[in-house]
Structures are given as structure tokens and as C-alpha cells.
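One chain follows as C-alpha cells, the form predicted alone.
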Amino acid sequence: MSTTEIERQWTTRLRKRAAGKLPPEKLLPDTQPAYVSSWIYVFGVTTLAALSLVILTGFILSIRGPQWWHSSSIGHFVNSMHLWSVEIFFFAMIVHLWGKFFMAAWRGGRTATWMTGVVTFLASVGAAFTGYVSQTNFDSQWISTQAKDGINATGAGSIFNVLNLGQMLMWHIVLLPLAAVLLTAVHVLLVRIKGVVPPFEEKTGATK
């Protein structure tokens, strides 16, 4: 195969485009701008750390099943870790989201970065809701029966039946976590490509 033919292959073009957009020094940078040394960025990292713990504990719970997390002391512990990592995840994400809103983080061609963060939040809300109705206890039964009328009123009840435990469990452990993780990965890659949004420029008035 000639060099020209190799250059025309879609894999070659895709690799070169990816390397041009996101070289190794950009993907895993050694340094960051001075303005990144701020507490608001800690909440973004905390969100990622909490999400990792959510996925890990959820993976363990899915292997052992409901009887284990209801009857075993270790199951109770892992279930509690799963719950509190979700609580930390949402707290850190909301602080990060509002902080970036007031910083107008969509500036400089970063609209896609901002929107992936917002959509990730919405997908995570859905994942949390389906988690509550998948607990297989009286709490989940109450939540599902109270939620069904509102969801049915929107017309979504025909495809999203909160009283169907199997369906809710699949949404919770497969579809919504997959969406949240993929969106988070895209969000982080866009941050690497576009860089962290700089602070607002200081406006100096006319001196007398």
C-alpha cells in the first residue's frame, strides 16, 4: 500500500485529527494556569472522585444483589457508601455547576463544554431517581407510587414505568450510568481541548 493510500484511510485521518486536537501534553498536562488554583475547581475534581466511588460501589452491589445489601452488615456498609458517595457527588456537582455559571464558563467557544456538564447533571438526576425506586424496600415503594401519577400525566409512563422494578433497575445500573459516564468523559476531554475558562478581564474606568 502506497503512502498516499495510507494517508487517505479513515483511521489515519482520524488518528491525526485526534492527535492534533488533543496531543499528550494537553491530555495529561504537567501544569495549569495560576487561576486554576481556586476552590471552585476542587469541586469539579470532587465530583469525578465521587462518581468513581458511585460506580465502584454500585458494581459491587449489582454482583451481590438485594438480599445481600439488606441482610449483610458488609452489604449495609457498601450500600451506605453508595448512598453517601451519591450525596457528595450531587453536592460537589451543584457547587461546580453554579460556580461555572457565575464565571460564564461557556465563553471562548466553550458552549459544548458547558452543555455536556448540564446534560450530565440531568442524566444523573434520572440515575438517582431510578436508584431510589430500585431499593426493594417500603421507601422505594412509596416513592414509586407517588411518582407514577406525575410521570403518567406527562405521557412518559408508557415507556418509563416506575412500578416496574426490573425496568427501573436496568435504567439505574445500565442506561443512565452509561450516559453519565460517557458525558463526563466528553466533558473532561472538552475541558482539555478548550482549556479552563479564564477569569473575567478587569474593567478599568477613566481616571480623573
Partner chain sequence: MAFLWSLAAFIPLDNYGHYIHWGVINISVANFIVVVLMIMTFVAALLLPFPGRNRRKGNQ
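Positions refer to the first chain, counted from 1. What you are looking at is a predicted structure, and each value in this text was computed from that prediction instead of being measured.
If you look for the form predicted together with the partner chain, you will not find it shown, but the lines that follow are about it.
Of the listed positions (Leu28, Ile63, Ala34, Ile159), a single one reaches within 4.5 angstroms of the partner chain by any non-hydrogen atom in the model of the complex, namely Ala34. Shown without its partner, this chain lists Met81, Ala105, Val95, Ala123 as candidates; in the model of the complex, only Val95 has a non-hydrogen atom within 4.5 angstroms of the partner chain. Using a 4.5 angstroms threshold between heavy atoms, Leu163 stays clear of the partner chain in the model of the complex. By the criterion of a heavy atom within 4.5 Å, Val42 is counted among the residues contacting the partner chain in the model of the complex. None of the heavy atoms of Gly75 is located within 4.5 Å of the partner chain in the model of the complex. A residue is said to contact a partner when one of its heavy atoms sits within 4.5 Å of a partner heavy atom; Thr145 fails this definition for the partner chain in the model of the complex, lying far away. Each of Ser38, Phe91 and Gly99 is positioned with at least one heavy atom within 4.5 Å of the partner chain in the model of the complex. Heavy atoms within 4.5 Å of the partner chain in the model of the complex map, among the stretches 164-172, 146-154, 42-50, 55-63, onto 42-50 alone.
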